[in-house]
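Listed next as structure tokens is one chain, alone, in the form predicted on its own.
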Amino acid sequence: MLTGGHRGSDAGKGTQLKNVETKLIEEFLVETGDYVRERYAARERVAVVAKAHASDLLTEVDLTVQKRAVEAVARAFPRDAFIGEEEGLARFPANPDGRCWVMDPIDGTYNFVRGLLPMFGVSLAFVEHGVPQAGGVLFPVTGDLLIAERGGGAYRNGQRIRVSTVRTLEECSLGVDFGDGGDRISLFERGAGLLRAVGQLRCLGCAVLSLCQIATGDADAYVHLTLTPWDYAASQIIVEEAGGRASRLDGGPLRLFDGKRGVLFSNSALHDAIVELFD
């Protein structure tokens, strides 16, 4: 979980973020928080189904949150594209350079269902030219709201955030996601040198939490071999505006709809060293 700062009703206050898209993201996430918290408290009564495999879960909460986001965006920007993880929206937009909204309604659904601490979040991003221009992530149980827009900085509950100053891999707290069996084997093979070199290794089962911890300075880096755009679009701009860096695993540019696989996020200082260790 995130540490430090303040939470709850002060979310969004004191920021210098002005874009209408950013305001839509903030307002939607704040309004959605109560619903998600209520359903989490009564999660034993929430309808759940498995998707690709037994631990890849989908709930009625995912579907409801995404539906509400689609409706909110359609009211404000009816010509914009919308992609999301659920209900047939998990596809790239017809125009990869156009205006597009990208959502993961609940990242960490398995944690939500099993009650594995409040390690899940709601994320929504506005994208243009394949690059996030504004993004927000809400952690409903703690009430933490992280939000950023291009050139405007990144904020947590109204307070400016910055990445850590850690400069050595021995001090690094690295986030990973072991995913399914094939992904785990690939990570152990391609990232063996990195996994041995870092001081701490964390697998939270929630990409947005791992990434936001980089933005707040609570962690230092994160790697994933197969993360999809809706998993990281909002967090990407939050990390970058907090002073961090996002790229492909080889250090190349990270564009949401380029069809490439593998992501690396860091506090910037560790980025090149991690690229060198990853095969």
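This is a predicted model, so every value here is computed, not measured. Start at 1 with the first residue shown and count on from there.
Absent from the display: the form predicted together with D-MYO-inositol-1-phosphate. The rest refers to it.
S.K.: Is Asp218 part of the interface with D-MYO-inositol-1-phosphate in the predicted bound form - any heavy atom within 4.5 Å?
M.R.: No.
S.K.: Answer yes if any heavy atom of Leu227 is within 4.5 Å of a heavy atom of D-MYO-inositol-1-phosphate in the predicted bound form; otherwise answer no.
M.R.: So Leu227 counts as contacting D-MYO-inositol-1-phosphate.
S.K.: Although D-MYO-inositol-1-phosphate is absent from this view, report whether Ala148 comes within 4.5 Å of it in the predicted bound form, heavy atoms only.
M.R.: No - in the predicted bound form, heavy atoms of Ala148 and D-MYO-inositol-1-phosphate never come within 4.5 Å of each other.
S.K.: Answer yes if any heavy atom of Cys206 is within 4.5 Å of a heavy atom of D-MYO-inositol-1-phosphate in the predicted bound form; otherwise answer no.
M.R.: Result yes; Cys206 sits at the interface with D-MYO-inositol-1-phosphate in the predicted bound form.
S.K.: Counting non-hydrogen atoms within 4.5 angstroms of D-MYO-inositol-1-phosphate in the predicted bound form, say which of Phe178, Phe188, Phe77, Phe92 makes the cut.
M.R.: Answer to the contact question: Phe178.
S.K.: Hey, of 152 to 160, 165 to 173, 106 to 114, 131 to 139, which bit sits against D-MYO-inositol-1-phosphate in the predicted bound form at 4.5 Å between non-hydrogen atoms?
M.R.: That would be 106 to 114.
S.K.: Just to make sure I understand: among 85 to 102, which residues lie within 4.5 Å of D-MYO-inositol-1-phosphate in the predicted bound form, judging by heavy atoms?
M.R.: Residue within 4.5 Å: Glu85, and no other.
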